[in-house]
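Alright, here's a single protein chain in two forms, structure 1 and structure 2, each given by itself as structure tokens.
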Structure 1
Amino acid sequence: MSEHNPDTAFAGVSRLRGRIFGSLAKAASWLGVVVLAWLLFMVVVDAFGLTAASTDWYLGALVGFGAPLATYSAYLYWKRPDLRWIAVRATVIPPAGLIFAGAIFVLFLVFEPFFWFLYYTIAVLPAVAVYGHFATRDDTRAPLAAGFVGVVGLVIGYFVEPLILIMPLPWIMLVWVLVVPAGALIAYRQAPEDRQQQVTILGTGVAGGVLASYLGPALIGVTPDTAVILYAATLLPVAWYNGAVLANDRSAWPGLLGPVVALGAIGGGIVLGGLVGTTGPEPVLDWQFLTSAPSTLPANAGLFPAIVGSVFIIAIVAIVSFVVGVGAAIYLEEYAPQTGVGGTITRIIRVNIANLAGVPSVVYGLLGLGLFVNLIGMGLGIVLVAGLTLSLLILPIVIISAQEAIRSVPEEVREASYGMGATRWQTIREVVLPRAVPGVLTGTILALSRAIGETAPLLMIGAATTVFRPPTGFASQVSAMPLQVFYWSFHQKSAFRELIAPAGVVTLLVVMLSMNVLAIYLRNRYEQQA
């Protein structure tokens, strides 16, 4: 047996160096983790004013928060382990819905609801109807016909729009644009065959939307428009998920208590902490901070215009870098010549793209300033220039990650497709791209979350230090979260440096981490499908 014992089998070989290397590697990774954790901890402590709270507050809050959560978790763990994932999903859906509602809200800041109403009614809806009509008859001309109808609708809308002098109330338009299609989708997915039930689901959903527009203002003091958006993005998905779970298995109801327990735990923590504790925390990062404009008074300071500005910029970056980046990657991998003179040029281009990924962001800022502002003559510091400049910045990363994803599709799969007589276009569309999508999406979203934290390029293109209102179009002056944090961290008042800036950092980190979570989620989802 002795030859199985590694210590004696290799008695003549020193394992010291290997051990030292192993422990050094371990120390290096722990150093990184500890330093990052410490940084995050400090920032969170400042952002939520945790040092102001007394020990008894923490005890009370811990009991109030922990007790319901622990009870519920224990119940699920011992009694109903089959409901774990239902509970997790049910808990995640409401906050995700709230974030989604925020995104819709921002969209309506740029394009007024009437814009959506008009084009949805005369372009999108007819196009979908035509597509459905052709698709149900297995007619391959469906996309063509739908596209034609859609374009005609857009053109008509463009000419008709200035002539229309009255419009429905905003909340009615929102019900029509958001709630009706969402209800129809739910009805179709829940009861694909049963017409009667479809009508019931759609009717209930729309009635709920109308009800929300009246109850929202009365109960929580929001405008009817906001109430409808909240209803469509949060309440409808929750109702859908809960309804679907119950319809499937009536005894699964304890799993749906997840969000109630989470809310109760947060409320319980706050209430019990307040009862027991002598002093509570003094959070800077609260609803007021997220929804207010910047101010010279620390108590009124907020991040709202910068948050919306970042969202605008990232929307442009996402569209531009995805379309251009994935297009370039497909060309380089599938179409570009790989041999001869053309192949040499392709290789040179590839090497250069890899090099461009390492160029400092300040240089891209200067490029944006020179190209978009000075040469093309767009305005200094506007949304469009900021978005295009950051697109340039992450384009090389997007191209490289998309190339990797496309290259990882096995050559045999392509050969098999060609062998069955498929054309190159059919092979790319039906075989290569579906398998490459997870990698492409992950790479793009990770690149986007780098772009959202960039400061230097925005300084270079003359983005404003302080704007008091969110942008309302692509030519608006814009600020972004990292810029605002940069400014606050050098403010002459210490409250801005020590409290407000950390709150901005935490907000930025939360947005970035959510984007990374989305990337992981999409990758897992598509990998399961592929």
Structure 2
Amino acid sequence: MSEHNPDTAFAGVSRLRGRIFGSLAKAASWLGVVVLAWLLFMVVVDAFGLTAASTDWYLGALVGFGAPLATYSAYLYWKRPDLRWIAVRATVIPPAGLIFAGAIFVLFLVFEPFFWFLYYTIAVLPAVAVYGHFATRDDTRAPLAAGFVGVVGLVIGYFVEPLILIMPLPWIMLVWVLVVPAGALIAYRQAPEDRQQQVTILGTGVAGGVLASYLGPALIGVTPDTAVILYAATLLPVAWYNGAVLANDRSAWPGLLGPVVALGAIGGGIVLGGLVGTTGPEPVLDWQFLTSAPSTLPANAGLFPAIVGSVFIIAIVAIVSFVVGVGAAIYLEEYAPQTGVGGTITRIIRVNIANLAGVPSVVYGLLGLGLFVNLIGMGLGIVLVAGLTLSLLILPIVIISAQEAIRSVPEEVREASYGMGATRWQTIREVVLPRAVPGVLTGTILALSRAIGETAPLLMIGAATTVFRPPTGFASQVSAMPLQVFYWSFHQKSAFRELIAPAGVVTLLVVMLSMNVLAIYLRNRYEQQA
């Protein structure tokens, strides 16, 4: 007769419960992923009018789209597996550049090129020059001196701007503000020790910008300044990456064909689908939708003012939440007392910050209404109020993520810095923060992704659900993409609910996913540097 061992029986029950719990958790996760994917698929179908296409169109489009991609993917998988990530990066850079170009285009619609031209010339460039002068001599006053020169330049520009009557053409100013710095950065990266080659690369980049201003209107029908923006945000990064890859390994050129194959697959799918099929899709999400203002007619409705409003708001949120949130995290982790009465107060503050992270967003809307509108009197619905209100919403998340990132830096690293004679601030600036940057940036950008999709706080402060002009300053009336989609979702016309609102949702999702991709890229980049 075998002896019963209670420890063994308990371990068997624990393992069984663990397996059951793991299986249930996995099943719930997959169920959520499937349901979310189905909902997103239905939204995409409505936004691009895919239900209007015939079956034969889909068959032709599938063959035209899938054949080039399948052939290229098989080549990379079987013949050149070392080029997979090169192909992925080369394919991602052009659409990322187009998104970045769109953001620049929005900024230059609001702030004229002369604004950037003037302040870049008299504030940014002198500050960079002063910083480089002090930094080459290992002078710790470099940031302070650069900041002082930059502030003086901003003050001078504020008084000088109204007095200037003659100004260059917009595309010339954009070449100076965008192309020259980008070309200088590429030249420094590709030839850090060869001055002659740096000058050649910079001159070639600037000449390309000038050429783009002339060829853009003729080839793709855009204005010269828009052509320069597209060149600086898309063609220059592509040229830099291709040059860097080929300089390292000339045999890696097949990996750089990724965007060409992707573009050919898209074009082949459209052409072959149109040749074979009787009817194609009727997309709502097109260039007209992204560049037009809202309208009472579904065919003319657009999201452009809301896109500009979201960019304005999220820019304010990013600056305020990052500066205040990271500063608060540094104080709580590095300076705040941890024992005694001060330690008790610090723990209370931390608990309250953790609790604030779970407060409903509508409460922050009420807080913004009471604080920024009623108490301070900033006015209803202006850009600044919206940005500050959403900053309050995500500040607890930014502070907590920054605290965890700072706390993850080993204590031995701090002690080694102190042992070499560094002060506390020098240790934080040179040792702790560089190692905490990946976590800080990841938490901040993911929090911004939440802020850009919020609706309730903006409704509470009185932001308009629909505006017909993009904001031109921090005191302008503003709407945002979630507000505009919310308005379309309850419109009396079914076309707005069933077609226009899904197009707005897809646009918002693309922006949010782009921010998440940026967070992953920054995290990986700084983790490698650390």
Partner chain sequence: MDRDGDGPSLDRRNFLAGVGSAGAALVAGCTSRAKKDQFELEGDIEISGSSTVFPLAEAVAEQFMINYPEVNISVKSTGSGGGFENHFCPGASQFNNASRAITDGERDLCGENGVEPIELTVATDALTVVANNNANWLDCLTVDELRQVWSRDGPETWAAINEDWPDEPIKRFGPADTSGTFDYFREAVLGEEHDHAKDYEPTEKDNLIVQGVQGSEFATGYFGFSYYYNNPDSVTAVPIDDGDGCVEPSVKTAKNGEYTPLSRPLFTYVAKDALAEEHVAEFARFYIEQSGNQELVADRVGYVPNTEAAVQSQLETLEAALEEVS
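Keep in mind that this is a model prediction, so the values were computed, not measured. Whichever C-alpha set is largest while still superposing within 1.5 Å between the two forms counts as the rigid core. For numbering, take structure 1's sequence and count from 1.
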Between the first and the second structure, which is the form predicted alone?
2
Please say whether, between the two structures, the C-alpha of residue 420 moves by 2 Å or more once the core is aligned.
yes
Align on the rigid core first; then say whether the Cα of residue 246 has moved by at least 2 Å between the two structures.
yes
Exceeds or equals 2 Å, Cα of residue 131 between the two structures, core fit
yes
Upon rigid core superposition, what is the positional shift of the Cα of residue 21 between the two structures, expressed in Å to one decimal?
3.4
